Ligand SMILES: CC(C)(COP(=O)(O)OP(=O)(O)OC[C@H]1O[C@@H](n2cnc3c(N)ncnc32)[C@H](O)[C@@H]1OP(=O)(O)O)[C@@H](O)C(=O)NCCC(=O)NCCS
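Okay, so here's just one chain, in structure tokens, the form predicted alone.
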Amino acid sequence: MNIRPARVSDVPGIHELVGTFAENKLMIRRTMAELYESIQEFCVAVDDDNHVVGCAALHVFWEDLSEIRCLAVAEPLQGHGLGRGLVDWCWDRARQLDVTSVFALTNSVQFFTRCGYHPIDKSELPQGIWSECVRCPAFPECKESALIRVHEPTGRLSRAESRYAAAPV
């Protein structure tokens, strides 16, 4: 398996994978147009035949805050490290962009904890992140937890670092 930045040719595979999870009410459905428009946010895991078997997106909200979205791994391949690889790819990409913190809204708290994220109260996240909630199959009965990872401060603290500095990674 290989994890790499997504290409426009990967959109049909991403769409199918995200659609499967959306049908099971595990994530927000994304249209093909949305996926093409945000392709630069995505990474994919591909098999030896270059078929998409996993995906994730890093969406930047502000200079110091980004979100992992659309994390999905084909069911037969779950539990083999692909999810962790996709999450790590997003973390590395955030660091390359100088974004100091990455959060996820998820039902997979233990998974994200193993990836270095720690729980945070949803109310600590800015209002702007909630714009897509009305599209969620669980809306308005959200049962997802918020988890965040913040990299070590390097001198002057950014807003995210000072806000979430309780448990830097």
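These numbers were taken from a predicted model, which means no experiment stands behind them. All residue numbers are counted from 1 along the displayed sequence.
Missing here is the form predicted together with this ligand; even so, the following discussion is about that form.
- In the predicted bound form, this ligand stays beyond 4.5 Å of every heavy atom belonging to R95.
- In the predicted bound form, at least one heavy atom of V73 sits within 4.5 Å of this ligand.
- Contact annotation for I39: none of its heavy atoms lies within 4.5 Å of this ligand in the predicted bound form.
- In the predicted bound form, at least one heavy atom of S108 sits within 4.5 Å of a heavy atom of this ligand.
- Shown alone, this chain has one stretch from 98 to 106, 57 to 65, 117 to 125, 31 to 39 that lies within 4.5 Å of this ligand in the predicted bound form by heavy atoms: 98 to 106.
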